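A single chain comes next, written as structure tokens; it is the form predicted on its own.
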């Protein structure tokens, strides 16, 4: 337990965070005296900073250097001292224009979103894609290819299209497939994919007077649309931005971080406890749970489809990041993505 901060110590801590984020240089008492009207002497500020260090809010990298925030200092700043930021009108307009021009296909939207977020934040952006089973059934089209062969195309609410060919030993007519498509669409329209069972498919095929061998093919196509992966996909963009950060000039540190970015499960583990949450989250340094990434922090913002939270957008960068700014950008991007998904009408 750390002692609560009085008003002056809180202001000094917030100012050290601000200065260190801006300059990447340890902050000394002279800097605070010269740049900020604190109304006290440099010696008093020096004493206050020493007490903040003793309490665990600041650390001194070198004996003769100024001080930098510790994980606890950043956490206190984020939770108690940080002032929220909002996007400028021009930034909101850019997000609107970017998503207005974005694809209606889910995979393309995810790639577009991560690339855009990486560009806007100048950090690594990644996105946990929604589990496919949260999507709803939009329509199925059964196409006659030959007397004994057909093609099933399944389209979901987020534009995901799955194609699967099937064989029919007894032979089938084009109009029979059209009629079966209509029956399936009438029965499943608007249902969540996870609620459509093989038994439902079998019943409709039987009512249409068609052979049961169609059931396996149609169930397979619907199953492919749902997906079988235990973990949702994680897509990242912007790893090159780490090269711009002085913290990562040490190539050993950079390689460790890049290994994590390249592994979907490792990235997912960083934000797994935020998936399904309705609130933004910030993890700082050791809170990420990996010794290889203690120099980093992650800002996480949820996005939704309809009323359901389906995934998260995240920004990974150095602990010395402008948290309020990145939270505003990530939240604005998520809001634009939410609107885009709500308006999705697959072509």
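Remember, predicted model here, so these are calculated numbers, not experimental data. Residue numbers count along the first chain shown, from 1.
Another form, the form predicted in complex with the DNA, is not on view; read the next lines as being about it.
By the 4.5 Å heavy atom rule, the three marked residues 285, 294 and 321 all fail to count as contacting the DNA in the model of the complex.
Scanning 315, 52, 312, 27 against the DNA in the model of the complex with a 4.5 Å heavy atom cut-off leaves one residue, 27. Within this chain, residue 63 lines the site of the DNA in the model of the complex, having a heavy atom no more than 4.5 Å away. Taking non-hydrogen atoms only, residue 281 never approaches the DNA to within 4.5 angstroms in the model of the complex. Although the partner is absent from this view, residue 59 stays clear of the DNA in the model of the complex, with no non-hydrogen atom inside 4.5 angstroms.
In the model of the complex, the DNA lies within 4.5 Å of some heavy atom of residue 41.
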